[in-house]
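What follows is a single chain, given as structure tokens, in the form predicted on its own.
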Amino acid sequence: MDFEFNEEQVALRDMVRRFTEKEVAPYYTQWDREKKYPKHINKKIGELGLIGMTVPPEKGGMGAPYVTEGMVCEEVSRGDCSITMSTFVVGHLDAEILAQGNETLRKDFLQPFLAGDKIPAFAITEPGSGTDAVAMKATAIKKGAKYILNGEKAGITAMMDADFAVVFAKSDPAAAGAKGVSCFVVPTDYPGVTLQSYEDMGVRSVARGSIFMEDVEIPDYYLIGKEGRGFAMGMEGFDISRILLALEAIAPAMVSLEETIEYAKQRNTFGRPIATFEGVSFPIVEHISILEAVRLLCYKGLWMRDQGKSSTKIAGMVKWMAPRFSTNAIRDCLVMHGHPGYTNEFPFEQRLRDVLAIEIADGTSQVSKLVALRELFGREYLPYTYRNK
């Protein structure tokens, strides 16, 4: 077993870390307070070829391994774990789906997206169907050479800044379960499209929102893949996006712990550094021990996918562990800084707010445990309601 990145990956990691330290980290709190998505950073990331890295070269991507994509996501998350939710997590889901589209979709949407010129959204969740996504009510009815879309998608990351959305809707409402769900590209400036923003407690530079579609007409070649394959296409990406989310949660926690170690060495009380008190040092050791273990499990999952093996079980495991343990660590770092740590002059409160969002994204912790349960016990041992999903 080899736990080292190869020479090419190390060079890329070092480059991304320098970029993050210069272009991203210094503006983390500013973008949060302005509640403004840094589109210029998205463009720079695109120019570096880091968006949709796993897309094959013949379709415009780098054809990078999943391990490399995870490494880059982790490095950028050390500076800002909110923009990576859009650029890398949503980016992964949309890129892998768009890569399966026709030549027109790849030219008009995938290529500008990979270049950082267009921002996408991934629209599957609805107000009444989050975990039970196949219960969606949005429809896409074919009429001649067009599809007519109606419905609402809710809780969509980067929706307010998106140039287009990858939308899941029922093209055959009479079909059972997921069989009638198809996938489409819907530009956000089309007639009949309305957006509504949310006021979230965290990830405030990446505005979530709802997209409402009322008799929205799109050409039939905006269908991605085949009719009835949409749900399966969407689910295939979650085994990777959930691991990327886990790394996105771990990165700011590790940075917080590193900062707290330096603070504990310098802060004196009762005539000695607080790092010499076990009540300070032991919790830091515990947090780093747990987070390092979860981090290695993340990379094992990505490595397994690179070997053509399933990462479903690991994705379910790390997706509930990483945000839970990361928020615990950040909270302790905040407290160890005393009253100043509770102010917005330090990044801890923002990191805490941002990482909390990761516990919900791509399925809550409870859903993640169901995913792992299914892989460990078998589908027949799932709670009855979920057996046929």
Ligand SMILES: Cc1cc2nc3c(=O)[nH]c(=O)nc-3n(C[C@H](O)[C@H](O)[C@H](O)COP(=O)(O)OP(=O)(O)OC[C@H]3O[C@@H](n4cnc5c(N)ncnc54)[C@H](O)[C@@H]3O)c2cc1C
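Throughout, we count residues from 1 along the sequence that is shown. What you see is a predicted model; the values in this text were computed from it and never measured.
Just so it is clear, the following notes concern the form predicted in complex with this ligand, a form of the same protein that is not shown.
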item	value
Whether Ala25, Ile83 and Leu247 all lie within 4.5 angstroms of this ligand in the predicted bound form by heavy atom	no
Residue among Val55, Ile45, Ala357, Met321 with a heavy atom within 4.5 Å of this ligand in the predicted bound form	Ala357
Heavy atom within 4.5 Å of this ligand in the predicted bound form - residue from Thr131, Gln307, Thr276, Thr269	Thr131
Ile243, heavy atom within 4.5 angstroms of this ligand in the predicted bound form	no
This ligand contact in the predicted bound form: Pro38, any heavy atom under 4.5 Å	no
Interface membership of Asp362, this ligand in the predicted bound form, 4.5 Å heavy atom rule	yes
Contact of Leu370 with this ligand in the predicted bound form (heavy atom, 4.5 Å)	yes
Segment assignment from 283 to 291, 152 to 160, 252 to 260, 184 to 192: heavy atom within 4.5 Å of this ligand in the predicted bound form	152 to 160
Stretch 87 to 119: residues contacting this ligand in the predicted bound form, 4.5 Å heavy atom cut-off	Val90
